[in-house]
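In structure tokens, the next block holds one chain alone, the form predicted on its own.
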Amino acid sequence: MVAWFEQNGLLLGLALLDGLAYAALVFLVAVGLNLVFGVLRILNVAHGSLYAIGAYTAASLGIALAAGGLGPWASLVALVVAAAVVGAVLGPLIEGLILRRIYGQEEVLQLLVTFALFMILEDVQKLVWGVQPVHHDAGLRWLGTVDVPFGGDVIPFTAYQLYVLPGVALLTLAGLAWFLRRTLTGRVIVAVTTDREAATAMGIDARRVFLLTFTFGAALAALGGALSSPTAALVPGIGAQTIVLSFAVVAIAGLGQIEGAALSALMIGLGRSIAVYFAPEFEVVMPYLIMVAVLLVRPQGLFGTTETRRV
């Protein structure tokens, strides 16, 4: 064991750091998906398109600000601005025009409608941004790298991936937990999640809660995409890959579980990253192997509960 660590310690350190950064991005998208399902009871396949549009919008805004003479710091501000704009514009639009018409319908119909929306938004991305890779990493380069000590070695790692991505994910988790448990609006959302009929009977405007929740979930998906834009070139199809991973996180955590999504994302992020460095042939399948292993033991997910249904 000691000999193995001496030979592969550096790779293990890189795998852990990469896995932590990747888990932060996956969590931001998955927690939005989980929040939307918990309240609206709709598995929104188009959630992945919101991630992709957030990424493209952030990169385009950063490029425009750089062309206008602003420093690289503006590219970091653009990440948050892009996510807020995408959530504020597309969230109410999608919820009001499409999702509101299929609440309470069969799950198959909901999946078909959101999948159709996903395909439409995929084509919209190609019409607006084309099919050539889009990349803007000025903010990442501006923050530079940090030397991380690990097992007697020093690993140079980007400060953006080491501090910004996990930091935003932790702030999102803490802020969301505080919002849902300590604020009146958050408690209203929890009430609708727990028992929609009883909450409506008490005078809660469920439609307003649905709109607010979906807009917030859309902004989280866009934020995940925006934060990923400095780390990789953006190409068509990134939304499809992300939504599949997000579904895996949601399945592992349990539908509607917010805190559990953080642990699930960490499991998938670390598992995938370790596979990349030590067993590349399992890179793609590793998240789903983890999901299958968990669901075989707990079909309702790690933190899910078995619900009773009236028939």
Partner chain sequence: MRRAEPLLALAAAAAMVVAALAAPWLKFVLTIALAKGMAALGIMLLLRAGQVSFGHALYVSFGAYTVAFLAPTLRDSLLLLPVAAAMATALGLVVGLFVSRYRQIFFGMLNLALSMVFFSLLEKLYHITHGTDGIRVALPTMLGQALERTSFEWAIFGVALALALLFGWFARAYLDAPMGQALAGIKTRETRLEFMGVPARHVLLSAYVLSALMAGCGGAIIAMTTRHVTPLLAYWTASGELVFIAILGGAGGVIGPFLGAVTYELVRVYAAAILAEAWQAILGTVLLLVILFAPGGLWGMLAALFRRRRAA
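Please read these numbers as outputs of a predicted model, since none were measured by experiment. Between two forms, the rigid core is defined as the largest C-alpha subset superposing within 1.5 Å. Numbering follows the first chain given and starts at 1.
The same protein has a further form, the form predicted in complex with the partner chain, not shown here; the description that follows concerns it.
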{"property": "Sole residue of M267, V39, L255, L61 within 4.5 Å of the partner chain in the predicted bound form, by heavy atom", "result": "L255"}
{"property": "Selected contact from L35, A251, A262, L65, since only one has a non-hydrogen atom within 4.5 angstroms of the partner chain in the predicted bound form", "result": "A251"}
{"property": "Proximity to the partner chain in the predicted bound form (heavy atom, within 4.5 Å), stretch among 217-225, 166-174, 84-92, 105-113", "result": "105-113"}
{"property": "Contact of F118 with the partner chain in the predicted bound form (heavy atom, 4.5 Å)", "result": "yes"}
{"property": "Any non-hydrogen atom of P280 within 4.5 angstroms of the partner chain in the predicted bound form", "result": "yes"}
{"property": "Partner contact for L70 in the predicted bound form: the partner chain, 4.5 angstroms, heavy atom", "result": "no"}
{"property": "Any non-hydrogen atom of V26 within 4.5 angstroms of the partner chain in the predicted bound form", "result": "no"}
{"property": "Residues in 33-62 with any heavy atom within 4.5 Å of the partner chain in the predicted bound form", "result": "F37, L43, V45"}
{"property": "A279 C-alpha moves between the shown form and the other one by 2 Å or more, core aligned", "result": "yes"}
